[in-house]
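The chain below stands alone and is given as structure tokens, in the form predicted on its own.
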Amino acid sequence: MSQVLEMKFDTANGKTITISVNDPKPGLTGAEISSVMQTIMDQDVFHHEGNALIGKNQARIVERNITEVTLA
């Protein structure tokens, strides 16, 4: 099963962008993820269409299962 951490941010132009991280460390807490999101905003590294990230919107871990099927 693969996992992806999706961190959603509000931008200064009213849009939401998602930063995804494959295979996040197991057992991450909401506080740890929130701290990372705050650091990303404080460092002002990412912009969307020239607009800064101004707020934490949502974070979630998405799990994906793949089952191979043998073709007849």
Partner chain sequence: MATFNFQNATLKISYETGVDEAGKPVLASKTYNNVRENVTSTQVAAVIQGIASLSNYPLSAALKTETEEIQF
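This structure is a prediction, so every number in the text was calculated from the model and none was measured. Numbering follows the first chain given and starts at 1.
This protein has a second form, the form predicted together with its partner chain, left out of what is shown; the following refers to that one.
Looking at residue 15, you'd find every heavy atom of it more than 4.5 angstroms from its partner chain in the predicted complex.
With a 4.5 Å cutoff on heavy atoms, residue 20 counts as touching its partner chain in the predicted complex. When its partner chain is considered in the predicted complex, residue 25 lines it closely, a heavy atom lying within 4.5 Å. The partner is not shown here, but in the predicted complex the stretch 22-46 reaches within 4.5 angstroms of its partner chain through a heavy atom at 22, 23, 24, 25, 26, 28, 32, 33, 36, 39, 40, 43, 44, 45, 46.
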